[in-house]
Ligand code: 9MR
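Just the one chain here, laid out as structure tokens, in the form predicted on its own.
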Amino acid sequence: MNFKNFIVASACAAVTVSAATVYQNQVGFLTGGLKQIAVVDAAGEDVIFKDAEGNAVLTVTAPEAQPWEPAGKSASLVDFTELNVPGTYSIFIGDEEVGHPVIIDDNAYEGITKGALKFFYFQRASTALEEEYAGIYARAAGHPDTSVKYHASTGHETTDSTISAPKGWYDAGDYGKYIVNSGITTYTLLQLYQQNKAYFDTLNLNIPESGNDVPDILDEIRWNLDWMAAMQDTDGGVFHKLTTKQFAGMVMPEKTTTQRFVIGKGVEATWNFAAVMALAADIYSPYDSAFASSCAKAAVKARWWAYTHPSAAFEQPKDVGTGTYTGSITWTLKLWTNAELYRITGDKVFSDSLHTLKYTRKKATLQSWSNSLMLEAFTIATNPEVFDEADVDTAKALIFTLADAYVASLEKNGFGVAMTNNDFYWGSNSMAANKGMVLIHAYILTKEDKYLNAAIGLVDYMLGRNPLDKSYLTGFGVNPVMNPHHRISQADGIEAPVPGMLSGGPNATANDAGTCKQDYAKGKPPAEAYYDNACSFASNEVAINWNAPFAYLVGSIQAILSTGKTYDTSSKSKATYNDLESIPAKKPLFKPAAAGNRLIVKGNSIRLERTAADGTKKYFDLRGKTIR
């Protein structure tokens, strides 16, 4: 598919709006899914949907307009879910056509799922991208990374020694490779496959490995896992990043020949590595048992190094100016790693550490590269046959605490988007995508449509139902991002950027006014603090950890609605690693949380269970009222 032609053709289909303004998903609606558009200045009017022949097939009266504070305006949220026949429709208010074409299709999200995953192929380091797979975005190989020097921060001799660590994905708009950000990215994509195997087993991404006996999504992830494995030092610790000392200019990868280094070694990278390798050991076992076993052993070795070097936090060297990825909350990394290792081994050395935390609502925080608590919660909640009941209850409580808050934020919300003013900072679109990941897990656990519908609303937001009428996914939609902060897209001489990249999105705290020579966020409501210009690293950069949750979100929804199935939480790991030589006999010391209080889930609602000295139990809801 020629994405440049797609953009031009789609733009020609756009309709100028005058009396009323429609904000909508510009790519497509799933036949069996929620369908909504936000309409400004149309309350009380009939919104008419017409088929390709001009026949009116559905009329919906626009409800009272409601505010959505981040947009700085009110809108009527028009629900047309009743329209469930595939096709292309037009929107009319009175005799005037408004908005963009409405596309309804059984596989409306398949193209964007493929696009969001193909982004990772376009980000491959150490290889040429051939025209057969990359089309007009074919390019020469860059950064072989077979002769990388050790920076002094690694503790290695720096004169003549080198390390070979090829492959991996370029992290963002720059050419660095960072273990910490690879951690959450790779985990998210592995979870996407783990929970939707039937769908992704046959999804063709048109990559060099397509047609072998391994699902394409796993082949793509393996490209990054191979690099991560090469970043583990002989003592088990993991180097923090592989970059040049300073960022490269806006040039193609093969033009950047400055010496590259492995830089630093610390617990943040090591914990991330251990958790990801443990999950990989399970998922790759049916396809490459030797590789899977090596992942399990590497995970255990890394975990032990992290436990025995608790103060080895990465600090950016003074002569290095590339991304830092510092400040991770290490206790969340510990819990995440031990949950993943316990799931594949059943060894009590790992499960003991899961009981060290006393859960509270305040600890329910959206997942990010710096906070991994929800990643542990996802794993435990979806594996109730593996983990202790108390741990499963608290993991579910964390998920529902967030998911219910997102659903509640949709009350009297004119755009139907579960985003608040506080969500619009650097990478706000990753906030939307990661919220969607929480909601999908809540749906898996309950099968309640309110969670799936809220997740669909976040997809609609990123694909155009926003006050800028912007599709934040390059190459898709009527009005897509055209000038991302992405070196390849700016240097390849092609007008349209590499497709399938999720822009960072509006940033009310943007700090690139000097670079852009204008303060595009000043005086704007949060959801409009965006500049589609390569200068805007604060609102228009791309990153692997933003694309991954977007791919998880759209891929999961497409798989769920097209197959009619959700992840079976009674399934267990097929790979069992119970003979890992590197599991130390001596356990690290733990202090289990005080017994007596715990969060549990009753009827999909969160309750506090309080056990008295005589063993009697009382239950309280989150407002403190006794449940009888």
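Quick note: we count residues from 1 along the sequence shown, nothing fancier. Keep in mind that this is a model prediction, so the values were computed, not measured.
Omitted here: the form predicted together with this ligand. The next part is about that form.
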Worksheet item: Does at least one non-hydrogen atom of Leu375 fall within 4.5 angstroms of this ligand in the model of the complex?
Response: no
Item to complete: Give a yes/no on whether Trp546 approaches this ligand to within 4.5 Å in the model of the complex, heavy atoms considered.
Response: yes
Worksheet item: Would Tyr178 sit within 4.5 Å of this ligand in the model of the complex, counting heavy atoms only?
Response: yes
Worksheet item: Do Tyr325 and this ligand come within 4.5 Å of each other in the model of the complex, heavy atoms counted?
Response: yes
Worksheet item: Going by heavy atoms within 4.5 Å, which of 169-177, 210-218, 112-120, 254-262 lines up against this ligand in the model of the complex?
Response: 169-177
Response to the item:
Residue within 4.5 Å of this ligand in the model of the complex by heavy atom, from Tyr193, Tyr133, Phe291, Trp369, is Trp369
Practice prompt. Just give me the single entry in Glu268, Asp391, Glu541, Asp460 that has a non-hydrogen atom within 4.5 angstroms of this ligand in the model of the complex.
Written response: Glu541
Worksheet entry | Neighbours of this ligand in the model of the complex among 412-442 [non-hydrogen atom within 4.5 angstroms] | Trp426
